[in-house]
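In the structure tokens that follow, a single protein chain appears in two forms: structure 1, then structure 2.
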Structure 1
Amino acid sequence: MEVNKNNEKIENNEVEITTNVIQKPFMTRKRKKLIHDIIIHMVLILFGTMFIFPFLWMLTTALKTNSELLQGTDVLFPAVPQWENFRLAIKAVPFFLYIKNSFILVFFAVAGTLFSSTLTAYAFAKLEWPGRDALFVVMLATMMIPMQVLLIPTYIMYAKIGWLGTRLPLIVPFFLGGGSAFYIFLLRQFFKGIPKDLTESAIVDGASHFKIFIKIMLPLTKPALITVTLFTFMFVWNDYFGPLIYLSDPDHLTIALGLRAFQSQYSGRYNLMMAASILTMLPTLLIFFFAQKSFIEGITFSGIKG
């Protein structure tokens, strides 16, 4: 009798334990996760507002009248959106000429960077040649040299060969790996990630390194190529001092210089300045949204390990 009772007790206990395991912790864990997620979302939205609000404020400012400007936050949205401001901003400076000039520089810079950095990265990642590892260290070290150390002598060099006032100093260096140490590093990581078997079997089939580079490496590293393209695009499009130093012909001025000229012409007219700023930002924003998935993937894959 007693044994039976004990058994029953044990069984009851067991049942209780199992239900405990299945139900109670499950519920609390789920609830805990939910609370955790809600807190994270709230913090992210709060910070996110601080990051995105300046953009929204830029847009509403661009659509305000002059008198609405002076009322600050009393007027969050303009009573009548002044789309006219954008038209005025475009007409105030040769806007489309500046856009065209920036695109010319971007085109050559992207082409040059892709050309020099992919080839060099392949040499560092997949070929064995004397001095390779030492030169790789040299390449990383070049990232630490202040640009001013190089700027002064290269400026003098360009002056001596008559390149001042032309676009050449803003184009040629990209074909020689200028400023692309980080991209070479990034691409090397990608190339190294491609399995040896793949290249070796191609070699057995009689493929040359050049063929492997074109037919296997480049197609397999698209996210990295997009990342490099995007970074170069943004750098050149947004660069202010390069064009300021080297360009003098008004017909060559870029959008960053144009925006600056606009500022000195219309200082205080913040609605027009914001309209002009938005217009100059549009191409980079569009390209960023277009390519952002590959872009984030491109950086994430590189896994910078110090």
Structure 2
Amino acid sequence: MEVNKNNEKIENNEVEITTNVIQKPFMTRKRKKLIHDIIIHMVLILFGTMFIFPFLWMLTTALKTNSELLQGTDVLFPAVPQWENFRLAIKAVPFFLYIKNSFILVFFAVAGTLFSSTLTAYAFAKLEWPGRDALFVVMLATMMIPMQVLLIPTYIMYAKIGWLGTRLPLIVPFFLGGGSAFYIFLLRQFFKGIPKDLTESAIVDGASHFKIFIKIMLPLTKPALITVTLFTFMFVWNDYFGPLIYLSDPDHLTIALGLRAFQSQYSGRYNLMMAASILTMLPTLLIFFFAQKSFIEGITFSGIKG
């Protein structure tokens, strides 16, 4: 009996030692992972603070009084936030007219880009035709041509057809594939990631390519479409050069030109300038904030699938 008890004690000790040996490395790995996550989050918070600091500086400056502005960096935060500065900035120039004009251009630019880029990308990704790959390389090569190189010939062309002073030079090119070769490349990568079995089975069932494009491709490419929409919105909303060259009617000025006009009139009122700048960038921030999940999905999926 004593021998059996001794054997049981030895076995129990061996089990405890084995359990401790197994648990100790596990706890060590868990602790290392926790430390690694803490470091990563601290670095991300640091970089996030660095990136958000300019916006916070703009906001605090927009809420200061004129006397607080004269004190410079001695006053970092306003004693009493002056929300009235935003109302004064809006009343200083026809702000809502500029916003309306920008939204008009954004609407047609987004519609034209989605129309031309999706059709072109589908043709490059799913249709077989002679010279497809060579033409795709040529199209990508156009991304290396600076816009300033094409400015003079396009300006002469628009002048001869009577489009100068109108919104047409800022709208029509988007419907003709003039949005960007990058959008076509992005959507092509997304289309190529969709299995061929879907299109082949649809063709066997008698569906045309246009029906496949509308019923199958577009619903599956929602993240990529949102990504293209965001890029186009930000480009057109912040575009200063195009409206400056082609628009001459004051009633057609966009928010970028309006902000420049505001700066020239109120160059010394930094609080009003910062208030106007925040109002200008607010639509872009809101749209990106609510659509960032689809934006990241579109970029990630398009980059992985080739």
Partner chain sequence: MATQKNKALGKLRSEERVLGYIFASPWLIGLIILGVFPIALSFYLSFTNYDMLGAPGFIWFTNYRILLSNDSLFYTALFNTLYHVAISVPLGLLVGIILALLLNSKIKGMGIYRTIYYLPNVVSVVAMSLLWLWLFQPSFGLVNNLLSPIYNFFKMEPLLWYQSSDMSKITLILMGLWTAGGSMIIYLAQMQDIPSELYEAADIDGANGLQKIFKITIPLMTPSIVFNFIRGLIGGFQDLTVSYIMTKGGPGHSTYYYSYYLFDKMMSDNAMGMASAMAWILLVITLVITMGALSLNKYVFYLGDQS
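Given the structure is predicted, the values throughout are model-derived calculations rather than measurements. Throughout, residue numbering runs from 1 along the sequence of structure 1. Throughout, rigid core stands for the largest set of C-alpha atoms superposing within 1.5 Å between the two forms.
Note: the form predicted together with the partner chain is the first of the two, structure 1. On core superposition, residue 34 has its C-alpha offset by 3.0 angstrom between the two structures.
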